[in-house]
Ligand code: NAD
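Quick setup: one chain, the form predicted on its own, written in structure tokens, and binding and motion questions come after.
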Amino acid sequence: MKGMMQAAVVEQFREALVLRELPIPTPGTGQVLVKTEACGVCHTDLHAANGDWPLKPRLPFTPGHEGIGIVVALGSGVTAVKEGDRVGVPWLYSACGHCEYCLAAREPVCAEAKFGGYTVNGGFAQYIVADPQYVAHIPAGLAATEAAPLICAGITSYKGIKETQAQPGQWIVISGIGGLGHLGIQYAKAMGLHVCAVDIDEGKLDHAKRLGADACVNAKSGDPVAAVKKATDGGAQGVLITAPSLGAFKQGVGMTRKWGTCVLVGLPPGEFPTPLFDVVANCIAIRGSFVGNRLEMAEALAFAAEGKVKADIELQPLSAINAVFERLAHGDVPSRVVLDIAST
């Protein structure tokens, strides 16, 4: 497909993204071209643009790993999707498919995995080249703007809840009621769990109550660990830390019930301050959780297609990306911003 497209490009770390006119890419063998309708904005995109993590993207690059769109062209050999399909191009862009992790459906940790908007160009653009073996298949009736946050924030919170191994009727703490956390509350309630929401913002805690949280704790008021233990009768069987805050990580371990599991999905820069005595004496498991596999992607989307989970979104144009990043950096995004690429 010939022609030009708009894309928001990181040309230098910690500098504003630049809107560029770039050639529409051509899908190669085993690839597809997706015309982007919408792309969610994730805190990970901000980390990518700042070069915060040890493995940095190669400059220049286009961020965005919540891109949803329509397949408009197929490279040779493609059978997994057809033209006209609505798909998502997620963080897990591709993997090798044959290592021990891929064979065990743990492909997000494949050593050869590629990541959308990070090691390959992503969805802050009008077109995306994608691997049809790893795209998310968007259920009928789920709009692109509604689906966008689910292929990262949704699957990450859903998988994190599963990793806590909390059972229906037990307690889970969701720490950080933002883009991931507000979805985590909905997934947890749909999975039969009691939810204690933790945040430092009363507005977000009010939001948590509206979403069905059974208890809410403001981490700025008094002793949040004691408050959670009181609300959950001794601590939660599962704790999910979505907040990009080292303080939240340390508190999360204290909120975990004996023999419980504290799952980490937020990615603040720095080292995790682990209270080793408490972890050992209380037999607490601390587990990292990194997005999810392709089956879990389908499961996470199915909850939304059935009306059990709905992302709270704020639509913005692609041209507003730098203002959105500024707000993200200051914690001024209540839920999830979605770029309306179709209107760009």
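Because the structure is a prediction, the values reported are computed rather than measured. From 1 onward, residues are counted along the sequence shown.
The form predicted together with nicotinamide-adenine-dinucleotide (NAD) is left out here; the points below concern that form.
- Remark: of stretches 131-139, 78-86, 267-275, 206-214, the one touching nicotinamide-adenine-dinucleotide (NAD) in the model of the complex is 267-275 (heavy atom within 4.5 Å).
- At least one heavy atom of Thr44 is located within 4.5 Å of nicotinamide-adenine-dinucleotide (NAD) in the model of the complex.
- Shown alone here, Thr261 lies farther than 4.5 Å from nicotinamide-adenine-dinucleotide (NAD) in the model of the complex, counting heavy atoms only.
- Proximity of Leu150 to nicotinamide-adenine-dinucleotide (NAD) in the model of the complex: non-hydrogen atoms within 4.5 Å are absent; the residue sits far from the partner.
- In the model of the complex, nicotinamide-adenine-dinucleotide (NAD) sits beyond 4.5 Å of every heavy atom of Phe303.
- Proximity to nicotinamide-adenine-dinucleotide (NAD) in the model of the complex, defined as a heavy atom within 4.5 Å, singles out one entry of Ser245, Gln170, Thr119, Gln126, which is Ser245.
- The three marked residues, Leu193, Gly235 and Val309, fail to reach nicotinamide-adenine-dinucleotide (NAD) in the model of the complex, with no heavy atom of any inside 4.5 Å.
- Heavy atoms closer than or equal to 4.5 Å to nicotinamide-adenine-dinucleotide (NAD) in the model of the complex belong, across 319-338, to the residues Leu328, Ser335, Arg336, ordered by sequence position.
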